[in-house]
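Below, in structure tokens: the form predicted on its own, a single chain.
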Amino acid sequence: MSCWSDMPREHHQHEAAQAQASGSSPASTRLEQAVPCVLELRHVTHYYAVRKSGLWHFSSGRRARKLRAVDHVSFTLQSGTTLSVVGESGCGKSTLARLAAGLLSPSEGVIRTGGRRLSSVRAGEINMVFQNPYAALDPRWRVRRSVSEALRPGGFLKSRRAVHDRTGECLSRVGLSPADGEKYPHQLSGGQRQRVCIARALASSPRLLICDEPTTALDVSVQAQILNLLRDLQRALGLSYLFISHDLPVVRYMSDDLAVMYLGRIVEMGPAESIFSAPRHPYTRLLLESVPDFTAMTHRRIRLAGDPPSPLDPPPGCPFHPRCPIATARCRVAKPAYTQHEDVLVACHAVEEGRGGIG
């Protein structure tokens, strides 16, 4: 499971208070792991500047407003494991993926891989598999060129023959033929195009793949093939995955660890099976209730009501309190700190206080 030693500052303060009360040191309350970490995020925040169009903005002299898409996110991903990030649309999942891939720079905080800052890693050490495989491939390029292009920035292979052989090897590894390298994207099916995208991501021998909704644009039967391919590649190559999705059954199948995001913050994080079997945060519980279960038709399901607040004007206190059925006055004014419950971290006043459930 992921390391929790780099949780947000409020968790460290709470941890120290617990340790002082119990007479133990803060370090003894942490979950120490010997497995090497491939990705670290420490208090990472990312803002988007939002400006009003037209002359009104310039004549009024007002500054651009800041949309906080990612809000002080911290986690550590261990080598050879999959950490999935789930949440509703607009919660900041894709922004987080682009930050981890180095496509965006954090407004605050630090991102490291292998103990080095992300900006200092070699090209191709972290690659990304995007949601739409057709949009991710240049329609004017043959598949061979799309895959081999990933080898050029870092100067991985010098000779044309070596590049040609490596391209064919990558296509074969994802279940395609080297002869498919002569085709154009429009000559391939959606599943084949996604296999090409995965082959391109593998070309530079990365340690980490960022998978941003990699099966959303595919048919259900093809989704299963791509997911099985990703798991086979992980076992064979020792890859680590940061897996972004809103499809909870897919996440349960793929994940070692799970982080639940709401309005830019992680509200619950821990081993995936622990969270799926016993969710603690009210948002996580309501999110899991939204998954259809045809084996329990008589079960009274509780719906997640309302829409998420605007990230331009987030509510004070707990960001989930306007939609939470068990929110109290404290939830409306105080932002919850992270508390540890067995092997899961939760940011919720109700969980900390041991209050009743939502059902």
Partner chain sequence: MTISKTDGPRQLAWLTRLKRSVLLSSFGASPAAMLSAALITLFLLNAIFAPFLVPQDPSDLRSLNLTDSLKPPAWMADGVWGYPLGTDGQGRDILSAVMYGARTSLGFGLAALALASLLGIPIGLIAGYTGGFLDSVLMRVADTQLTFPPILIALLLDGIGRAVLSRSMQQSLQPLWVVLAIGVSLWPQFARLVRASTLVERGKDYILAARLVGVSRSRILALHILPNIGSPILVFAAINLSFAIVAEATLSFLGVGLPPTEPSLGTLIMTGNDFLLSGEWWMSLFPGLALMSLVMAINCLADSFQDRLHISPG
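Numbering follows the first chain given and starts at 1. The structure presented is a predicted model; accordingly, all values stated were derived computationally and were not measured.
The discussion below concerns the form predicted together with its partner chain, not included here.
The single contact residue among L118, L230, A136, L218, judged by any heavy atom lying within 4.5 Å of its partner chain in the predicted complex, is A136. The listed set N127, S74, T82, T284 contains one residue whose heavy atoms approach its partner chain in the predicted complex to within 4.5 Å, identified as N127. Of the candidate stretches 108-116, 189-197, 85-93, 260-268, only 189-197 has residues with heavy atoms within 4.5 Å of its partner chain in the predicted complex.
Although the partner is absent here, L103 lies within 4.5 Å of its partner chain in the predicted complex, judged by heavy atoms. Among heavy atoms of E273, none comes within 4.5 Å of its partner chain in the predicted complex. Under a 4.5 angstroms non-hydrogen atom cutoff, its partner chain in the predicted complex has W141 among its neighbouring residues. Using a 4.5 angstroms threshold between heavy atoms, A278 stays clear of its partner chain in the predicted complex.
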